[in-house]
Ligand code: GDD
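In the block that follows, a single chain appears as structure tokens, in the form predicted alone.
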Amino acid sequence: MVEAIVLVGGRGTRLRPLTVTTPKPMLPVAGVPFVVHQLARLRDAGVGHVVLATSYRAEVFEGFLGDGSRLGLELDYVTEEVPLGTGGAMRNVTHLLRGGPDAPVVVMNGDVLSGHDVGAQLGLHAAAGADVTLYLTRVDDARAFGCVPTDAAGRVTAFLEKMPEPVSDQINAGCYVFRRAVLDAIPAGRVVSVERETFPGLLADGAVVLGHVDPAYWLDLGTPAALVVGSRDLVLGRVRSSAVPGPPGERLVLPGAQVAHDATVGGGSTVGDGAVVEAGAVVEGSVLQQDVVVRRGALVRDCVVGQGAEVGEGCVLSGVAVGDGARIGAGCELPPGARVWVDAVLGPHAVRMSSDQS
């Protein structure tokens, strides 16, 4: 059985207010919590057992996912009591892995939407007898990420931090295949960064560290705007996931949602279970979570609206993140980048001139 670790312990501060009540990997993306897409990708690549490395609001994961049987997986959970870094978080769960020292273990970051071929990455790792095989993607400007150059044989030659002028367009894309023994060798009980400590140490020791370069879709879902883009692209079929509850199309309306016959919902929008879109409203390229209400004549474009929130009649929202339970009064206009806090109430006809005021 191929095993995997999914790192889902981050607090998601860049996604607030959406993550005040929900951990980042459990935010709905194209109709299901984002981590479900990752688990489906692992299952489809032949993974059978997954350990979730949790921390922030850890109880939410097990409460929703259970033992994993609904997804065709076996799931275990480990809660990180103090921050341990990426490497420390991996090491913290190795006692639940079942394979031998040479068994492959897939490790996924909990905030990356990708269409890359996990099975091909596993195959390359096995064929080369690698210690670690990293999924790499190419970007136009790697300065914000740091570079991972490789030689002609595909072996990683360096891990370079953010720099004024990148020496490669290849970056670490957040999915690894480790030989089990490499994970076990990470120091236990302390903060460890795989990028700054583990990987450079492996190179210094002459370990076989490969780069699997895949040009497939890749997106870091670290901001509300990125979350909207990722959900939209999944609904439209620009990136595929077997976890999307419906075929590709202009919209995804979940069971229990109500959309008025003269409302317009499109552009890859998702309307969550129990949500209501009233007459004359327009929802374009947006994510409406469970039990959201969009009142008559409102315009919601490129937004994510949290569970149980209400957008008042005639409101105009563009590129806005609305927290759970917020109430936006009739006629409000909110500019791109605005964030409305959990349970906030904006009076009728309030106009927010900048995101700093939200």
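Note that the coordinates shown come from a computational prediction; the quantities given were computed from them, not determined experimentally. Note that residue numbering begins at 1 and tracks the sequence as displayed.
The following text describes the form predicted together with the named molecule, which does not appear among the structures shown.
Undergrad: Please run the contact check for Gly146 against the named molecule in the predicted bound form: heavy atoms, 4.5 angstroms, yes or no?
TA: Yes - in the predicted bound form, heavy atoms of Gly146 and the named molecule come within 4.5 Å of each other.
Undergrad: Indicate whether Val259 is a 4.5 Å heavy atom neighbour of the named molecule in the predicted bound form.
TA: Because no heavy atom of Val259 falls inside 4.5 Å of the named molecule in the predicted bound form, the answer is no.
Undergrad: Just checking whether Gln121 would be counted as a contact of the named molecule in the predicted bound form - the rule being heavy atoms within 4.5 angstroms.
TA: No - in the predicted bound form, heavy atoms of Gln121 and the named molecule never come within 4.5 Å of each other.
Undergrad: Tell me, yes or no, whether Phe159 is in contact with the named molecule in the predicted bound form, where a contact means a heavy atom of each within 4.5 Å.
TA: Contact check for Phe159: yes, within 4.5 Å of the named molecule in the predicted bound form.
Undergrad: Counting any heavy atom within 4.5 Å as contact, can you tell me which stretch out of 270-278, 79-87, 206-214, 284-292 lines the named molecule in the predicted bound form?
TA: Residues of 79-87 come within 4.5 Å of the partner.
Undergrad: What residues in 42-74 sit within 4.5 Å of the named molecule in the predicted bound form, counting heavy atoms only?
TA: Read in sequence order, the residues that approach the named molecule (within 4.5 Å, in the predicted bound form) are Ala53, Thr54.
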